[in-house]
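A single chain comes next, written as structure tokens; it is the form predicted on its own.
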Amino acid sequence: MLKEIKIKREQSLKEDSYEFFWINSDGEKKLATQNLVIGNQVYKEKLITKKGIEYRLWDPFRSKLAAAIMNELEIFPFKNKSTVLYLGVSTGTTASHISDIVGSTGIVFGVEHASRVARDFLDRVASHRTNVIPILQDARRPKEYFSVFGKVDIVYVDIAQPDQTNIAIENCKMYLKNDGYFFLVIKTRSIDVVKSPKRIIEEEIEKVKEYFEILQVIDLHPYDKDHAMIIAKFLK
């Protein structure tokens, strides 16, 4: 898989089957997604048009999924028509790029509890993208997500709670397909401000192992300090 991603970075933009792209901008190769909503910006990201197709640059300092790609993510299951449950969608930066990738026939269920950032998410993302369904709910209460229908292909979790891993696992039990993929952002300082980040990550991995096959663990430095991402497959 890692080899495939490296090959992908070198492919021409003539290919239209890839989930993300590498575009030359200001003399550098930068990550981008094809814009689902032409002319629309979510976080003042740069828009670039190549051969009549508009792309949005994907900033790894603003998106942990982009940071994971930059740090050699090996498996990228987000594809056209994918269904994604996103916990902790915040203002929608990463969710908007996932929306680009899954396309008009995919769905992103975006869960956010904080009212202020939820309003920004609604204004910047959900109101412009028909494949994004906002769920203004606490991730601790997955039974109350009345908008989610069926099982999803991917659960992506980016929440800041001491018990974030347990919350994520409970959501997966309820909504993730058998053999579905799980992306968990470990915010070590939200779990314990005293314990070493390395120890915290090891402990959270052990929790995940009970229900999942661990595929990869990625340190998100230098894009996010004391953060890691666990990528796993559900063994329900």
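Residue numbers run from 1 along the displayed sequence. Because the structure is predicted, anything quoted here is derived from the model rather than measured.
Only in words, not in the display: the form predicted in complex with a small molecule, which the text now covers.
Discussion item. Can you work out whether V117 and the small molecule are in contact in the predicted bound form, taking contact to mean some heavy atom pair no more than 4.5 Å apart?
Written reply: Yes, V117 sits close enough to the small molecule in the predicted bound form that at least one of its heavy atoms falls within 4.5 Å.
Practice prompt. Classify R140 as contacting or not contacting the small molecule in the predicted bound form by the rule of any non-hydrogen atom within 4.5 angstroms, answering yes or no.
Written response: Residue-level check for R140: yes, a contact with the small molecule.
Worksheet item: Taking heavy atoms only, is N131 within 4.5 angstroms of the small molecule in the predicted bound form?
Response: N131: no contact with the small molecule in the predicted bound form.
Discussion item. Please determine whether K64 contacts the small molecule in the predicted bound form, using a 4.5 Å cut-off between heavy atoms.
Written reply: Yes.
Worksheet item: Which one of these stretches, 100-108, 123-131, 147-155, 82-90, sits within 4.5 Å of the small molecule in the predicted bound form when only heavy atoms are counted?
Response: That would be stretch 82-90.
Fill in: Candidate site T94, H113 and Q161: all three near the small molecule in the predicted bound form by heavy atom within 4.5 Å
Result yes, every residue of the spot touches the small molecule.
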